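Heads up, the chain below is alone and in the form predicted on its own; it's given as structure tokens.
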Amino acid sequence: MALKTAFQDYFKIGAALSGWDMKDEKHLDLVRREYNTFTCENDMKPMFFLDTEKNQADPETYKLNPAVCFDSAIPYLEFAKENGIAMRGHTLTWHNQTPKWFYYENYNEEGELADKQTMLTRLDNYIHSVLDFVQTRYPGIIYAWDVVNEAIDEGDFRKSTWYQICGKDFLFRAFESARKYAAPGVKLFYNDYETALDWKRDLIINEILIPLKERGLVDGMGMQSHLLMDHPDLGEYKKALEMYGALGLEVQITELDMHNADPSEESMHQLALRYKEFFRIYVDAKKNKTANITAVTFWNLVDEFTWLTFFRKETSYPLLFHKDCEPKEAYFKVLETVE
């Protein structure tokens, strides 16, 4: 039984796709067979949409309304359209993978940083351009957006360039703009990692989710869930999930993987058992209505393409499939949670 079929009464099941995946027919067949949602791993981030050449060649024309190009996203959108698979949009606002020049006067990073009003206007127009393109050319394809990604760090708001120029206002403007321009029914998410840490959980809830919810600007919380074999603690993770759920917002597991550098049979067995424990938490939360989980998305398709090997600087085996899209024990253990 395919993952999407097994969990159809609970939540969508998806994966992140890279440019390499889009060139591999075996990978695309795996998506068609197993998943009913997917996310672009990178190709819809600001660095791929903002048109460097146009903006820097004519900064006066594009001073407040940056030029954009969507060529990087079209193959994914076409694939989704052709195969009837829903997409998550990732991500409209992020401190990372946004070109440095975007924050500067005249788009010249040798000059001065732009002022707050300029940046908030650029942000509003950028979000408008992205949503207008997607919703005009591919209506109904993207059902949810990560509006702001990873705004919290080291006990406070991350001291990013966005924060340096705009303070917290950049986050609220991003959600205001997304709500203004998003089509009816498109859900807006805040997305972050290590969301089971108590200090981070509480900060996200009190400083981001509650204020946004009070203004009608957020629909859900994205728990990335880049897991380790010994972290996070299952109890703390379940507690955080339920605390987000108690806000009355949707919860989506947005970037699920589990770093494991040991490919031995026993180690992969332990990975499978740990995945089963997390999926029990997800299914039970849905059954018991302690958290309205609406999607679970793995971060890529097969072990050989995981970002973790680069990030961790050691070969990682963190997913449900490997080699020629062969299912691992973890795949079958995940399915057992709904048998």
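Everything quoted here is computed from the prediction, not taken from an experiment. Start at 1 and count along the sequence shown; that's the residue number.
From this point on, the text means the form predicted together with alpha-D-galactopyranose (GLA), which you will not see here.
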(message) Just to confirm the contact call: exactly one of 274 to 282, 65 to 73, 28 to 36, 41 to 49 touches alpha-D-galactopyranose (GLA) in the predicted bound form at a 4.5 Å heavy atom cutoff, so which is it?
(response) 41 to 49
(message) When alpha-D-galactopyranose (GLA) is placed as it is in the predicted bound form, are W94, Q224 and W299 each within 4.5 Å of it, taking any non-hydrogen atom of the residue?
(response) yes
(message) Is it the case that H90, even though its partner is missing from this view, gets within 4.5 Å of alpha-D-galactopyranose (GLA) in the predicted bound form, heavy atoms only?
(response) yes
(message) How about N149 - does it come within 4.5 Å of alpha-D-galactopyranose (GLA) in the predicted bound form, if we only consider non-hydrogen atoms?
(response) yes
